[in-house]
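The chain below stands alone and is given as structure tokens, in the form predicted alone.
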Amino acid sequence: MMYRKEKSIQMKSSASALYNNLSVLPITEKNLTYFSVVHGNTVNMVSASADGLNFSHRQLQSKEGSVTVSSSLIMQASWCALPSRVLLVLTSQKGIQMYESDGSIMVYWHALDALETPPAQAVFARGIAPAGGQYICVGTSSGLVLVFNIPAKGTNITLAEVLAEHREPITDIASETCTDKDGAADLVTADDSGALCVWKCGEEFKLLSKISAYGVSCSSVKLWDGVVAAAYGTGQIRVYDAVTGALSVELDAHARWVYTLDIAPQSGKLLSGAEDSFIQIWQLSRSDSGTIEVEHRHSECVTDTQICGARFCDPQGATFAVTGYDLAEIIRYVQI
């Protein structure tokens, strides 16, 4: 399995050094792909045609409610695809914004209450994932996970539940990406201590397993076919069984802090990107006996780049895109 570099997409500004700083939304019926990258208090959005010739740019500023006062730093931007609609969710030091997928209309704003946080502690939201077909989950710096109920259309978005299992700031949240799976686990939340919680979504969210703190931050987490893949500041990736929480595989994947993971839902390819300038691609699978197996498939060095975001651009994992700190372009690769 080999990949070659495609023409890069230029951006209006560079990528901030944040975990998971790239979100990709393929719009197959229009032959377009949307990309979003955070820079300071701005989200750079680019829509690119399939042939890579036509681009259109949009920039979103972090708003505090209806007015842009002192605009706060954005921590993450991510598209959440639910069966009925797709929303672009932004998290910042002040709150959570939800937009229509093209960024044109803000449909919801949730302020973070600084009073709930102990003094001298940073307040922010980070970690975004769709869940259970009708929810969007967002993590906060106080360790809470906010569960929003999303109507099929309109702005009547409500806070349905607050999950209070974590004691440290949430770093990342992921939902089950394997569509033909009717398994129990469909959400995983990760925090700064390296602790993971695995959930079953529903009217009430149920905690299935808690994977204890690892002593170093879990920067990125993914869930696929009942398998949890979690990346850490040590450069390691650990692969767990979602329901039991048992550790299956430990990979010494990178020489530096891992910033991003992604999984191609249809193929089970796992992509990791780190400060060491490397993208690694792995194949996840389950043997007949149910044990989880991981094989290394491809290594790509993005020279002199501190990688902070990387995503597959299609469900098979035939294409992927990479962002790097201080880099004003999105580098794309395609399988050959």
Partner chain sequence: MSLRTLPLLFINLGGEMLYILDQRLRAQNIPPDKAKKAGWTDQDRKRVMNDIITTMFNKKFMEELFKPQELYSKKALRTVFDRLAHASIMRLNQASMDKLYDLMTMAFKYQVLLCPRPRDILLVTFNHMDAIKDFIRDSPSILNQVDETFRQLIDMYTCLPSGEFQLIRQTLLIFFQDMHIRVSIFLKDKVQNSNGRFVLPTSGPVPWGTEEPGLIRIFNYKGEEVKRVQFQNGGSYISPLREGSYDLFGDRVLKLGTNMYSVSRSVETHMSGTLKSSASHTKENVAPNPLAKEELNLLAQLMGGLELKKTSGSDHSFRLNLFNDDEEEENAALLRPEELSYKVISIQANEDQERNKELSRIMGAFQSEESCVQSTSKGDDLLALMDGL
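Residue numbers count along the first chain shown, from 1. This is a predicted model, so every value here is computed, not measured.
If you look for the form predicted in complex with the partner chain, you will not find it shown, but the lines that follow are about it.
S.K.: Even though the partner isn't displayed, in the predicted bound form is residue 254 close enough to the partner chain, meaning a heavy atom within 4.5 Å?
M.R.: Heavy-atom contact with the partner chain at 4.5 Å: present for residue 254.
S.K.: Should residue 318 be counted as a contact of the partner chain in the predicted bound form, where contact means heavy atoms within 4.5 Å?
M.R.: Heavy-atom contact with the partner chain at 4.5 Å: absent for residue 318.
S.K.: Given that the partner is absent here, does residue 87 sit within 4.5 Å of the partner chain in the predicted bound form, heavy atoms only?
M.R.: So residue 87 does not count as contacting the partner chain.
S.K.: Taking the partner chain as it sits in the predicted bound form, is residue 247 near enough to touch it, meaning that at least one heavy atom pair lies within 4.5 angstroms?
M.R.: Looking in the predicted bound form, residue contacts with the partner chain include residue 247, since a heavy atom lies within 4.5 Å.
S.K.: Name the stretch, out of 149-157, 96-104, 213-221, 130-138, where some heavy atom lies within 4.5 Å of the partner chain in the predicted bound form.
M.R.: Of the stretches listed, the one contacting the partner is 213-221.
S.K.: State the residue from 33, 62, 280, 36 whose non-hydrogen atoms include one within 4.5 Å of the partner chain in the predicted bound form.
M.R.: Checked against the cut-off, the match is 280.
S.K.: Looking at 322, 313, 9, 18, which is the one with a non-hydrogen atom within 4.5 Å of the partner chain in the predicted bound form?
M.R.: Checked against the cut-off, the match is 18.
S.K.: Scan 300-336 and note down the residues that get a heavy atom within 4.5 Å of the partner chain in the predicted bound form; none is a fine answer too.
M.R.: The stretch touches the partner through 301, 304, 305, 306, 325, 326, 327.
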